[in-house]
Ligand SMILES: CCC(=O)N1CCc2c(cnn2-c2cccc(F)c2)C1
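One chain comes next, on its own, written as structure tokens: the form predicted on its own.
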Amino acid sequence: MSTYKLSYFNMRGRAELARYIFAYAGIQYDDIRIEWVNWPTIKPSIPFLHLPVMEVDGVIIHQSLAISRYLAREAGLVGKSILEQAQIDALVDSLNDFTTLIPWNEKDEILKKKLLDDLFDNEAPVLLQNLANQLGNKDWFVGDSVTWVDFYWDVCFTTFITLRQDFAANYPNLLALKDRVEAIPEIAEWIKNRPQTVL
């Protein structure tokens, strides 16, 4: 059996999707949480100088989506055909594209608010409408069973509503998908017991 070590900051952020998959699949792992005060000392030892990283049997994988895609394959969450895999990857990339537009590091609060308002007023509706169209009246985004993009939607939604409380309020099928994901027993247990952080 492989051994896993997931290293990230003490927050949900870009490691939470991997943690969802670990929880769902019942895979044991070391959830290593690095405090910001210690990051400058640790950073030079991290490949590509970014977290998260995951160590699998001594081999380090970087990039959050590469980590999650690897785990999703291990957990059987990548769809039932190559075509479904491609659809899932495309939706994950679309959610990630939106996430990367969020001005997390902007220090000017006035400018940050302006950028966030523009993002949520103009870009979010396009993303949400396309996601809603993809989901339609199905239970899951792709195929007839849960996949890792359904988890990613819930992870992203949880972060987005900290920035815009009414995010996705007009998209009942997307809100219902969130509820379905969070009702999966293993995910519900993880959410209940995970460390409480703002992001």
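Residues carry their position along the shown sequence, with the first being 1. Just so it is clear, the structure is predicted and the values come from calculations on it, not from any experiment.
There is another form of this protein, the form predicted in complex with this ligand, and it is not shown here; the text below is about that form.
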Does any part of W190 reach within 4.5 Å of this ligand in the predicted complex? Heavy atoms only, please.
no
Against this ligand in the predicted complex, would R19 count as a contact residue? Criterion: heavy atoms within 4.5 Å.
no
Do F160 and this ligand come within 4.5 Å of each other in the predicted complex, heavy atoms counted?
yes
Give a yes/no on whether M11 approaches this ligand to within 4.5 Å in the predicted complex, heavy atoms considered.
yes
Give a yes or no on whether every one of T99, W104 and V155 sits within 4.5 angstroms of this ligand in the predicted complex by heavy atom.
yes
Among 25 to 33, 147 to 155, 126 to 134, 54 to 62, the stretch whose residues bring a heavy atom within 4.5 Å of this ligand in the predicted complex is 147 to 155
Who in 181 to 199 is close to this ligand in the predicted complex, meaning a heavy atom within 4.5 Å?
L199
